[in-house]
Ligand code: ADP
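First, one chain by itself in structure tokens, the form predicted alone.
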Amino acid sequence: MNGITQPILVLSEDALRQTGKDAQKANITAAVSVSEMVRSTLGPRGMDKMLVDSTGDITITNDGVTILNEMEIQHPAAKMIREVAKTQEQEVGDGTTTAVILAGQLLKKAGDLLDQGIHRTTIVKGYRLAASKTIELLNEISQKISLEDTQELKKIALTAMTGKGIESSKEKLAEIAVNAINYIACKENGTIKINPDDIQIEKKQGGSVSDTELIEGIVVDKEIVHSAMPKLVKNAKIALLNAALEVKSTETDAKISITDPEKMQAFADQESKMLKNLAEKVKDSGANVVFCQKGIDDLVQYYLAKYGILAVRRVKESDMEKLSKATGGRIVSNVNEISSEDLGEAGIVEEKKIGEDKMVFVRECKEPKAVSILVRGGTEHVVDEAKRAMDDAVLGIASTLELSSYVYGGGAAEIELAGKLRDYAVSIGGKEQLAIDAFAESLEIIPRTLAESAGKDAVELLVEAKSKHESGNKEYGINVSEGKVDDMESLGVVEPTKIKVQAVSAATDVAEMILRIDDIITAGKSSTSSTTPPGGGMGGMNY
């Protein structure tokens, strides 16, 4: 042997590996570029993005999570930023852009600290301390609110809907959102319990956004099964079935041989009798409306129509549950077991044509614990944006009541938090102080972006706002409409505390996760794969 050691190949030859500072810079650059893409959409003067997918379908929106979902992101770190928006959407329903911008800014500031020779472990520790302190401070600066504070809740809804392109109708939509929450909210052990899923938000193109209505009951996006059935039933007694109104086929394969035509007729007559019996069971219960989760045989439809019973079939399970909550009826699994005690009640059940489709409305329920909002809009894009606005409003109110508190918007909360964090940083000292200061600066990206979208000098407005806060005016923020520093309390610009808590928590978590990565190993192209992006998946982003 000549002493030459054969190199050991751990990875395949076409695998890509980035280590140390190269890996960190690549991740930070990708994450920051994604957050910069959605930054201009923040606030009431935020710009919209037009997203065109591979089939040519267009989405126009300024909703952070919608933009990120539509983008074909390839870079793994950029995908992690998208997860921040998804988490924010699931947990709170609003503040997705805020969370993404904050995550990007934390990484950008961390990049500057890394360039100064600060170790990433120190930065992560500083960020953790800052996030914990920020959440503690948020609870200190927040204002208390209850279910009875209707006007304050309406302000929450209005703030959530601002910038969603439905300015002319947002007063009415905010009122609808507050009323809907009042129907489904219940108090348990002194705390308010709200399940936003109990508010069904349906959208139908046609009319205008101002035609949006709250139904004290449920809208079912189906039509009545038989033309001879009544189209309107008053004082409805509603049967909810998740069993098919059909003759069941046997589970085992069986062969019946009939040689006599009379026996054939008897067999058919017996089947008809069984089907008629199903319809009679429904009639005998006292029901005049039936919602069935499964199928309804043609003959059963005929008999139900003959008895003057309105019926709808193949109703979604989620709609059945909402119908049960709205009408007080019980979902029955066996038609033979149905009785008058299982029936729900509603003032009116009617079929109406909305746009191109027919829908069944269950209205005037006595004490509905589930309600519907039917969102309207002149075009597909308008109705989509109106629905997103309504989703944000409903979830915004629910989030506010969950913590029973709100903070002032317009960047006022972030300016106040940044000032208090700087004081806290001094008490910590050491290199962690630099990371906490960087965290405070990152929070200021929110008011800075709002000032920029107003077309004003961001630095000037930010200095003025900070001065107000130092004087004890913690409710002052950026009035985007007029491009000046203003009192957010008098303007009614308020946001749920939970939005800020979740945004800080999620942004810090993802920043920490990305900072701890010092090695990126991307598998080489598979011989069977033709979809891997150039450079083994590390080639940036496709739009």
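Position 1 is the first residue in the sequence shown; the rest follow in order. What you see is a predicted model, and the numbers here were worked out from it, not measured in a lab.
The same protein also exists as the form predicted in complex with the named molecule; that form is not shown, yet it is the one meant from here on.
Does the named molecule, in the model of the complex, lie within 4.5 angstroms of each residue among Gly104, Leu107 and Ala435, using heavy atoms as the measure?
Heavy-atom distance to the named molecule in the model of the complex: none of the three under 4.5 Å.
I'd like to check something about Ile446: if you look in the model of the complex, is any of its heavy atoms closer than or equal to 4.5 Å to a heavy atom of the named molecule?
Because a heavy atom of Ile446 falls inside 4.5 Å of the named molecule in the model of the complex, the answer is yes.
Decide whether Gly95 counts as a contact residue for the named molecule in the model of the complex under a heavy atom distance cut-off of 4.5 Å.
Close contact exists here: in the model of the complex, Gly95 approaches the named molecule to within 4.5 Å, heavy atoms only.
Using a 4.5 Å heavy atom cut-off, state whether Asn242 contacts the named molecule in the model of the complex.
No - in the model of the complex, heavy atoms of Asn242 and the named molecule never come within 4.5 Å of each other.
is_contact(Pro44, the named molecule) in the model of the complex, heavy atom dist at most 4.5 Å:
Contact with the named molecule, yes.
Among Ile81, Val289, Leu450, Ala393, which has any heavy atom within 4.5 Å of the named molecule in the model of the complex?
Only one option qualifies, and that one is Leu450.
Just one of Ser442, Thr327, Thr159, Thr400 has a heavy atom within 4.5 Å of the named molecule in the model of the complex. Which one?
Going through each option in turn, the one that passes is Thr159.
Which among 220-228, 407-415, 459-467, 69-77 is in contact with the named molecule in the model of the complex, heavy atoms within 4.5 angstroms?
The contacting stretch here is 407-415.
If you apply a 4.5 angstroms heavy atom cut-off, which residues in 454-480 are near the named molecule in the model of the complex?
Read in sequence order, the residues that approach the named molecule (within 4.5 Å, in the model of the complex) are Ile478, Val480.
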